[in-house]
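Take a look at this single chain, the form predicted alone, given in C-alpha cells.
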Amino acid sequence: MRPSPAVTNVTNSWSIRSTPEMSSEQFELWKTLLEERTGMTLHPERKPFLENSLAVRMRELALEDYDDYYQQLVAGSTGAKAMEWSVLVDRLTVQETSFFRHPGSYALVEEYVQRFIDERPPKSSLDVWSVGCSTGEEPYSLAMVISEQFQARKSSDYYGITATDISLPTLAKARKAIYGSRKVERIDPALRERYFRQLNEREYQVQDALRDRVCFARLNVLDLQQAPIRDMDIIFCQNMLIYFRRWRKRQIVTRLAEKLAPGGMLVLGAGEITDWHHPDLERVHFADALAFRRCR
C-alpha cells in the first residue's frame, strides 16, 4: 500500500527539517508534566535531550508541534493516553545498564546470602526486590549471585526476585532476557556457560531456570506506599535516584526502608544519596557499597 500524499508530505518535511526548538515556556510545561507523573526532574541543560526525544516520537506520530503532542498526552482518551505515556517514558528514561555494574554491591549481596543460608532454618525463603530494573541486567545478575551461593552450600532454601520499572516496553525486553554478545561477553565465562544459551552469533538468552526466579511488574516509584510488596530481605536500588530532586530521593528511600523485613538490607548506588538516616536502619560498612540494614 502506498502512503497518502499527506503522510508523504509530513514525512518529507520532517526528513529535511532539524529538531524544532522548544521555547522556555514549553520546556517548563513538559518538565512539570514529567515530574508530576514520574517524579523525575530535568535540569535546563537537559533541554536538548528532551527536544530530541520528543521530536523522534512526534515524527512517528506525524505531529509537528510540541503543544499538539502535549495536548494528546493530557486530553486524549484514557486508554490512548496511558499507552502513549508508556511509550514516551521509555524514550525519556536512560536505560544504560549492564550485568554486575557495581561489583562492590554484588559482593555485599553475596555475603548477605551466605549469612542468610547459615543463620535461617532450612527451606526459608529469600525475597529480593530490584527497583528500577530497566532491561533486566540487574535482577538477572542478582539471580546469578544467589544461585551460585545456594548451589555452593547445597541450600534447600528458596529465593525469588521481584523486578519493577515504570516502562512497559522496557519490562517486555527484560522478560525476553535476550542480550547482545557484547553485554554477555563481560560476564565471567563460567557464569555465562551456566546461565545463558547462545541463540546466534550476536545474541544470548538467559536460561529458563534463572528467568523463572524473576517476576517483572510495572511500578511507578511515586506509588511505593500502595505497592503490595513488603518484608523483603534485600532491596536493590541503583542508578535510579539520580533522576530525582533531593527531597524526593529521601522520600523514595524512606518508603523502601518500610518495605524491608527485620534484618533486611537496602542496597543503594554509592553517592546517590547523602545525609539520610532512618530510625529503624543502621549503616552497613562494606567496601565500595552503600547499604543499610533494618535492625528492628
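Please read all numbers here as calculations on a predicted model, not as lab measurements. In this text, residue numbers run from 1 along the sequence as written.
One more form of this protein exists, namely the form predicted together with a small molecule; it is left out here, but the text below deals with it.
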Within 4.5 angstroms, counting heavy atoms, which one of the listed stretches 118-126, 146-154, 165-173, 189-197 is next to the small molecule in the predicted bound form?
165-173
Find out whether any non-hydrogen atom of residue 205 is located within 4.5 angstroms of the small molecule in the predicted bound form, and reply yes or no.
no
Please determine whether residue 30 contacts the small molecule in the predicted bound form, using a 4.5 Å cut-off between heavy atoms.
no
Indicate whether the small molecule has at least one heavy atom within 4.5 Å of a heavy atom of residue 101 in the predicted bound form.
yes
With the cut-off set at 4.5 Å between non-hydrogen atoms, does residue 240 touch the small molecule in the predicted bound form?
yes
Just one of 142, 221, 214, 108 has a heavy atom within 4.5 Å of the small molecule in the predicted bound form. Which one?
221
